[in-house]
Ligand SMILES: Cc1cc2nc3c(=O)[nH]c(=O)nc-3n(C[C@H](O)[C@H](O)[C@H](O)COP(=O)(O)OP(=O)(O)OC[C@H]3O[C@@H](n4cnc5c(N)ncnc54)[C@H](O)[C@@H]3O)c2cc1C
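Given as structure tokens, the chain that follows is alone and in the form predicted on its own.
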């Protein structure tokens, strides 16, 4: 490594080594910039260690458990004994450890100088780490997020997703506070592991940011699976009892279980990091930026979960890359949150990109949109997989497709074409002429587009 790279002065200095921060660092070195990356815990952040990767490992194990239980339906006789949670945790830990080792090696290979310790912004171009000051011509704030707790006493039988991922046993019953993405994914996995699950959601529906048609299917499928819900009333208090937990709702209704998972969203990690002292604007802890992710202070940018909007790892990657490109003077293209692909890995899975029907009506007008739904019952591969569900497309009247939504087993794999359709502003007639391989679930996108174009084939 060059003498300059070993110094305490960098072209780009990044605070936070999660998805957004390390993406910014990697792209910056590709342009010949020297980069320092400050991380207080582990490279990879929440996504790698306590979020995306470990939860999806659990969900894969959950899928295998369900397949074992239901295999006779497909003419394969297996015997399901139990879920060995300690072994599932070991499998998850192995996946995470392997990815962490690979990321650490990549940083060394690319000559990103990782600075271990807790950093704080102390001037418009300096970050202090354990008493040592490092300077950067450009600063990228990427301090990430943490589980919201609403002041509940986390520990023992009351836990966030972080603690839940470390359990080496399967609780008999669980109450999940929050029916968003995190809560619904844990409900799906735990139900497959044999846990008696109840979701408490203060809003009227699960995954409330999804299209109403998608929500309807998920709630119906969860009910079929035996996942209980109490919607439309917020919880008031949670307390440990002698043998578990008791949750009391605002209307006085009480629920008891062995454990309680607090999955009420994630908040930004910005407190005590010196941001406000340097003149950076915060709103409820989030860093406010312009559309090019500049804070308005010096050469300081912010990326990832501390910027208001979707809290997704791939949004973090995109923003980290964007800022590095911006610093390099490449005038990168802005990608609005509405056009960022989203996946919820419940069973059935949800994928969505662009406007829901509700949001499209708000944006373009009640009579300015057209929608179509294609039922996966007509899709050969979905029938083979034993899944129901739908594909829904939303278009501007006589205009492009502005939203693609789907729900069904393994439907997440269709998000790639879905985001191309929306981001390239394709018209239904454009997609209808694509050839979609048979038999695949991918055909369902073509079928929906043909229907939206007025010429359905199998619909």
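Positions refer to the first chain, counted from 1. Just so you know, these numbers come straight off a predicted model, no measurement behind them.
Keep in mind that the form predicted together with this ligand is not shown, yet the notes after this line are about it.
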Among 138, 170, 191, 161, which has at least one heavy atom within 4.5 Å of this ligand in the predicted bound form?
161
Would you mind picking the one in 324, 200, 182, 262 that has a heavy atom within 4.5 Å of this ligand in the predicted bound form?
182
Are all three residues 221, 352 and 406 in contact with this ligand in the predicted bound form, where contact means a non-hydrogen atom within 4.5 Å?
no
Contact flag, residue 446 vs this ligand in the predicted bound form, heavy atom cut 4.5 Å:
no
Residue 266 versus this ligand, in the predicted bound form: is there a non-hydrogen atom within 4.5 Å?
yes
With the partner left out here, check for me: in the predicted bound form, does some heavy atom of residue 110 sit within 4.5 Å of this ligand?
no
Taking 4.5 angstroms as the cut-off for heavy atoms, does residue 178 touch this ligand in the predicted bound form?
no
Interface stretch in the predicted bound form with this ligand - options 357 to 365, 300 to 308, 282 to 290, 84 to 92, non-hydrogen atom within 4.5 Å:
300 to 308
Heavy atom contacts to this ligand in the predicted bound form at 4.5 Å, residues of 90 to 124 in sequence order:
117, 118, 119
